[in-house]
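Single chain ahead, by itself, as structure tokens, in the form predicted alone.
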Amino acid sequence: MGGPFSDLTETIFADKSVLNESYQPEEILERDEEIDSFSHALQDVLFGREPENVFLYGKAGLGKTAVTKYMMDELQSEVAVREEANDLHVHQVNCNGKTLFMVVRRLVNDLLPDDASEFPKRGLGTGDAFDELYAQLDRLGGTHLIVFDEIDHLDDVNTLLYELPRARSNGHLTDSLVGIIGISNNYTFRQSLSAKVKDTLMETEISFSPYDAGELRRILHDRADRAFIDGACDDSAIAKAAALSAQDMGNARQAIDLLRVGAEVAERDGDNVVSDDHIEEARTLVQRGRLRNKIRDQTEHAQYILETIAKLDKRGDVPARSKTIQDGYERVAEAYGASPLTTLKSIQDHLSDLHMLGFLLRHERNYGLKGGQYYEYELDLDPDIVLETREEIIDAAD
């Protein structure tokens, strides 16, 4: 008797990894203008001159990180054959959830010789970490490009962006050149910087706009040619995935996810060609997955509030006032062994944030002098998604 996998002998995939988020294409499609601006900003590196700072702006899934990796690879290849260029060192750090000390310490440890002890986690301050960073940069010499992904999430970003661009003029560096490449999902990030940082940066800004349906279709055709065996994906399925993503966020990652999940649905159903119907079913699955990720990204107490409202929803007790939600939230928090937030104002602030993020619907009630004015809240998503996600998070923590 065969096992559960014994009948699985065929697949519509030729190379499924092409549809994974980690896949780095050899050629970047539909970003020619951005690549041209990027190459112009980095051309000083080829002549041994101090590099410009470059900041990339755009929502997730618009190619900022993929373009940056492509540009770094191309630049290193070009530097290798140019006598006038310095040795080029590229460093990358993701700033999400990091403190300034953690980021600088990470860079120091990446630069240290293999036989050196790591820079300590405790006992020294951020100033000490910067001093060691400068020492290691000068020890290696050459040109250093430091890529800060999700830089808008970094605490005390003003200090980082004031220190590094001025390091050479302030005498901290003598034998190395440093350029910053910042990647941000927040188009208004620069407005949050201090005036002295803006004056110091003198950066090139490159904005990544959402893809339109035609651009997404060309990207998907390229991926499909590599991902599937011949004839395993209808052109209409590619067009549908591109159109759905263009209508939503113009996001290439979402379009590629639709294509991959649509193919998984086709295989599950025993079909050997990906069709429009498979893409439509994938749309529901991908949306649920995105919502789950958004829930996981919320703070612990925000998740308790979402769980509370989901339970109220299942009982038919929504929309609910903030005081009702607070009472339920306190029971939920205590059930997980957590200390609840103690003021109604803190609950109301969380409710306002969750409304702004699209998790909640907010209804304004005004009953005049007798009843006053207040808000009521309910979920703007399926409560089962919230409760299932919370169960997954709890199970993973056990």
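It should be emphasised that the depicted structure is a prediction, and the values quoted were computed from it without experimental measurement. Numbering starts at 1 and follows the sequence shown.
The form predicted in complex with a small molecule is left out here; the points below concern that form.
Contact check for F228: every heavy atom lies farther than 4.5 Å from the small molecule in the predicted bound form. Proximity of N185 to the small molecule in the predicted bound form falls within the 4.5 Å heavy atom cutoff. Of the heavy atoms in I28, some are within 4.5 Å of the small molecule in the predicted bound form. A residue is said to contact a partner when one of its heavy atoms sits within 4.5 Å of a partner heavy atom; R223 meets this definition for the small molecule in the predicted bound form. Contact with the small molecule in the predicted bound form, defined as a heavy atom within 4.5 Å, is made by all three of G61, A252 and I256. In plain terms, the part of the chain that comes close to the small molecule in the predicted bound form, with a heavy atom within 4.5 Å, is 211 to 219 out of 118 to 126, 187 to 195, 211 to 219, 318 to 326.
Interface residue among S37, N53, T65, Q348 relative to the small molecule in the predicted bound form, by the heavy atom within 4.5 Å criterion: T65.
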